[in-house]
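To begin, one chain is listed below as structure tokens, in the form predicted on its own.
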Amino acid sequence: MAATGVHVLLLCPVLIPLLGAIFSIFGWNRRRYQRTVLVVGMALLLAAAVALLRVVSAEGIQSVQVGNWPAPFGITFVADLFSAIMVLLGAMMGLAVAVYSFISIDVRRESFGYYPLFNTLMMGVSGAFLTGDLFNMYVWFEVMLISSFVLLALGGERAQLEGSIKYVTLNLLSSAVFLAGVGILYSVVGSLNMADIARLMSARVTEGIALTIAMMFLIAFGIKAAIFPMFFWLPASYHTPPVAVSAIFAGLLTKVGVYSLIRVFTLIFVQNPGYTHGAIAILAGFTMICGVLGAAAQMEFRRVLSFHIISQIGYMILGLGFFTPLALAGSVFYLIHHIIVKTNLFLVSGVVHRLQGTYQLKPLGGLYKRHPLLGLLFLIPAMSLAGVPPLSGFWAKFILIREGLELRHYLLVAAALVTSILTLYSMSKIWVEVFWKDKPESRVFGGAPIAHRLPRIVWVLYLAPIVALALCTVIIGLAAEPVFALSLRAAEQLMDPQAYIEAILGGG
């Protein structure tokens, strides 16, 4: 592909949702127009992401300097296999949730700017995955924070506002620590470009200062990724907005934090991996256990799923803590698996709420008899989350546990296995309470009127994205080898960042 075409392709994941947000604002009071703009924009974003991954896979790491300012002085966008994979996953979830939004977002929220905000959120996510310098990563984080905060509070319900305050407070703290870390790093290195910083770190930064800055970035990105002990904002907020918002948050927002951790701790902060990455591995173990214990104690559908986001984040950063090519491949594989599965589970929870009027598990029941397809569509991502073979979650966990045994990290392996067992317990609890048992007669818990039958078009719009994501889970499980091969190639690029540095800085 010609250089100009690659450059345009690199910018498309940011430009497409930006244009979608602008066009949506122009049609502020036209719901059908805004819906069309959103779904067409997400389809174009998906097409651009597929093309970008193909180019990066075939031709290697690609970069573009915006405004033709040479690196490291200008604004750099760069795509290696890891970032291209993440952009593709973001586009897939964006399209799935866009379709789901048509029948799950009420008119009031649509009139308050749901569609422009959704596009802006996707722009921030894509920008964070593709940026090549730390300050612009901070900028994209703020774009995400502003749009996600408004989406979380959109509607003004009491629970939403309470969850939004907790969400924005902790994320603002994270942003402050992040910006302070960027400032200190710039003061000692003299650059914001990540490839240039990686080149200069060993020459200009002493080990003590590098370790201090690394801990600041670990705190900043750890809050955004919801790792132990900085996770409590997530289960307090993710269950409060409409389910479409919960789903896109669950699928993507914490994964931007995980992506950032993997990026900086494989490219910049690699001087003392015994300390930094050892600390990350320990935090991964605590994150898994604390998250899954929280999920086991909950009796509300989305709260269970929210705590499971935390526990599964532990698996993703466990590979970074082990810091070997195979372990990082496990982290990348786990990200692919989890983004799809977790988004899908939240979408299923929304259908259950539409049918029976509550997210509380106790007053639910009997759905498998009336809607067996919905029960099957829940079981696929639920069993994948628990690591049941041959679904995608089994292979992701198998890679990480095998590498943990090779490295003799037996306590962390035990934590991962216990977490998997308790995840199976939590998913089985939802299955029994929602689908298998008979529905209780009492309506003590209240809720909206039960809708045993939904119009055909509503069922289609609800189930189309759920079926598509469930098929992805099954396909990844049954055809794990090519996905693993792609993950391993991405991990090898991360472990040997010289190609990343040369793609941005050239031979200089």
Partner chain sequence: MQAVLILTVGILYAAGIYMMMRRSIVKLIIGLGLLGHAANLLIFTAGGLRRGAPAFIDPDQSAAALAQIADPIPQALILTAIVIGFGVQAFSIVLIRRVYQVNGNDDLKHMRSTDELGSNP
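The shown structure was predicted, so the numbers you read here are calculated from the model rather than taken from an experiment. Residue numbers count along the first chain shown, from 1.
Another form exists, predicted together with the partner chain; not displayed. Remarks below refer to it.
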{"query": "Distance check, His277 to the partner chain in the predicted complex, heavy atom within 4.5 Å", "finding": "no"}
{"query": "Touches the partner chain in the predicted complex: Leu411 (any heavy atom, 4.5 Å)", "finding": "no"}
{"query": "Any non-hydrogen atom of Thr169 within 4.5 angstroms of the partner chain in the predicted complex", "finding": "yes"}
{"query": "Partner proximity in the predicted complex: Gly156 to the partner chain, non-hydrogen atom cutoff 4.5 Å", "finding": "yes"}
{"query": "Partner-proximal stretch of 248 to 256, 334 to 342, 175 to 183, 89 to 97 relative to the partner chain in the predicted complex, 4.5 angstroms, heavy atom", "finding": "175 to 183"}
{"query": "Position in contact with the partner chain when the complex is considered in the predicted complex, options Gln356, Ser306, Ser311, Ser164, heavy atoms within 4.5 Å", "finding": "Ser164"}
{"query": "Listed residue that, although the partner chain is not shown, lies within 4.5 Å of it in the predicted complex (heavy atoms), from Ala198, Ile262, Ala79, Leu192", "finding": "Leu192"}
{"query": "Heavy atom of each of Val270, Gln493 and Gln498 within 4.5 Å of the partner chain in the predicted complex", "finding": "no"}
{"query": "Contacts with the partner chain in the predicted complex, stretch 125 to 143 (heavy atom within 4.5 Å)", "finding": "Phe135, Tyr138, Val139, Glu142"}
